[in-house]
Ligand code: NAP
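What follows is a single chain, given as structure tokens, in the form predicted on its own.
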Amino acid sequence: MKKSVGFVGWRGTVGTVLIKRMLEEKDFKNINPVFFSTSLIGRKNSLIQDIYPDYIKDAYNIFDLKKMDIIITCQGTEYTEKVYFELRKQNWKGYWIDAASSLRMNKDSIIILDPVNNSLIEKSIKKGFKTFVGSNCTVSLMLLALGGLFVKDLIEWISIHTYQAASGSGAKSMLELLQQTGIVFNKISNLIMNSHVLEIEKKVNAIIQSNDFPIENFKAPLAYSLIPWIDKKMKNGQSKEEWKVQAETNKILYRCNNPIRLDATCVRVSSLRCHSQSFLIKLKKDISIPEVENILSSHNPWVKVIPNTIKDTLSYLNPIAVTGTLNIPIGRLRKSIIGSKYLSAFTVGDQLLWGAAEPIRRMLSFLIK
């Protein structure tokens, strides 16, 4: 008998990508899908009517949610906090798969990234774990890119600099970035062909710094700029986004008692969708670059080692080349001048695919086998 799977938050950025991937992989044929919403209650599902012709149910209706064998939510932290604990309080024994962050570090939840912690996921299912949560997007993309080095326990520490897209902050933030760039262009387009570039630059800065420039979501201009802070402040001076790197990585790798040291500076940049990351890695031993490339490329089918040439780097190691794909290119591989055990690298990955939706989709496939 097919399992009943409830979907919440399926119209947002992550949810839309998830549904698209499930359609591509024909996942819906193996389940009985039920669609819930916080705003479209009682309407027909016009998005995928052939799969679910019924009326959309209330995402806060605990009675209907309890009928589900599995619930997948991409609705966000606020929804999880309101619904998850109430369901468990009412003795719901189903599986909860969540893209939001609020349950990640709970002792009864497993952070999922099966190309990296497949054995932990399988053991957890057998042990009766019921809560599975997708990891932070940059953590997932880093672990897929560097998976071979982690598996062989070759990493002593990593210093990370992330360059994170607007999509990491949601659909409204993506639209705000587009709105910002549109406002600037519309106001200076007539100057481009007949003004000195420094005059145009001065005009652009004046537009961006004006009181009516839209910054509701980012709280600062992102177009033609960057924001070196993501999420709230932690006691140690990190942003929460930076704190997640060490905490979630070691939980995924089941190394909380023997953690690998990772420190990050997380920066929001004006890319729409893909996150990029720069690494300085202290290896436990001196390994040649060809050996490093072999270790990385053999870990999973999605990681792609990019030769450290100008042409290959410009062609393949950037957000435009990666967006909409499952590829995880890693390049700029070279020994640092600091020493022979120090490795520099750069990677890019689609924040909405491997960074969010794909681990959720693959977790569902584990549970319906």
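We number the residues from 1 along the sequence you see. From a predicted model like this one, the values you see are computed outputs, not experimental measurements.
The following text describes the form predicted together with the ligand, which does not appear among the structures shown.
Under a 4.5 angstroms non-hydrogen atom cutoff, the ligand in the predicted complex lacks K20 among its neighbouring residues. When contacts are judged by a 4.5 Å heavy atom cut-off, V14 counts as touching the ligand in the predicted complex. Contact check for T77: a non-hydrogen atom falls within 4.5 Å of the ligand in the predicted complex. Interface residue remark: I183 is not counted as part of the site for the ligand in the predicted complex, having no heavy atom within 4.5 Å. At a distance of at most 4.5 angstroms from the ligand in the predicted complex, all three residues G9, A99 and C137 contribute at least one non-hydrogen atom.
Only one of 108 to 116, 245 to 253, 151 to 159, 165 to 173 places residue heavy atoms within 4.5 angstroms of the ligand in the predicted complex, namely 165 to 173.
For the options T325, S315, T38, N32, the one in contact with the ligand in the predicted complex, meaning a heavy atom within 4.5 Å, is T38. Taking a 4.5 Å heavy atom cutoff to the ligand in the predicted complex, the contacting residues in 337 to 359 are Q351, L352, G355, A356.
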